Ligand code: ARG
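Have a look below at one chain only, the form predicted alone, in structure tokens format.
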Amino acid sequence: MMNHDRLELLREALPYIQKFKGKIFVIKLGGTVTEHSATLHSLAEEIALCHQVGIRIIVVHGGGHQVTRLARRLGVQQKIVLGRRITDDETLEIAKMIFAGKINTEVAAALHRLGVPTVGLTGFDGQLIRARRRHPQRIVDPETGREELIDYGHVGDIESVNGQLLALLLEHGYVPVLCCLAADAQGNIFNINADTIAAELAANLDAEKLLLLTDVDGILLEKGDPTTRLSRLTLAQFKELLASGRLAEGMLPKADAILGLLARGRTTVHVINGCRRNALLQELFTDEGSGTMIIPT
């Protein structure tokens, strides 16, 4: 790229930088985004740049791919129903090792190496998230049409969010890095969908944006075909798309989080390919964008 083109990109980015300075962004990292060190380092550079221009960032991460891989190595069978993992005793132990240990440390360290002050957290640190065990649910298999009662095991649903600690950290220039484990009042630990946590934090802190970083280029009308990407949707259009059954199963937990968040406030949601270099910066600081933006109205 010629120097002139680079300078034009800076001019294009300037109004967005001015608009977003001091605003809160919640960035959720999917497991595929944190799986490879080169991808994580590249993304950390983009997050660091956002932090440097004054955006207040909270990072939330899952790690389903890493849990599945370790479970396979240990011979622990996994079951996922409509995009949600059933968490038995052995899977919870794996989740604690992967979420609160390996991934949280690696994400925080990647940002730390770039000079970003980070604080690694779980949902039960500072009573950030109060959860309860999910009740067994009746689920209809979309392929067979048969109804089944599903016990999700150590999976939690969020009862309340206490954003005071996060607000305090943001005020003092820190980037909280939060994994998707929380607990109830008795200290029982639960696995909670990271998209759900990110959406709840965005609502609680009145975030400007929720950015869901996955391994696809936004919401696609045809699976695997990036040319069918939808660059912009309203909440009503997103509901229509969901009702049509055209969203992939892996998008269903994200869809629940997106619907709940947009129905409650003004936060804009973006679905971005976090594995593609500069996709985050392109989505935030250019007119063209790189993923799918979903707006409340």
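The first residue of the sequence shown is number 1, and the count goes up from there. Keep in mind that what you see is a predicted model, and the values were worked out from it rather than measured.
The discussion below concerns the form predicted in complex with the ligand, not included here.
Here the marked residues Ser231, Glu283 and Met293 all reach the ligand in the predicted complex, each with a heavy atom within 4.5 angstroms. Checking His61, Lys254, His51, His270 against the ligand in the predicted complex, a heavy atom within 4.5 Å turns up for just one residue: His270. Contact with the ligand in the predicted complex, defined as a heavy atom within 4.5 Å, holds for exactly one of Lys102, Arg133, Lys209, His112, namely Lys209.
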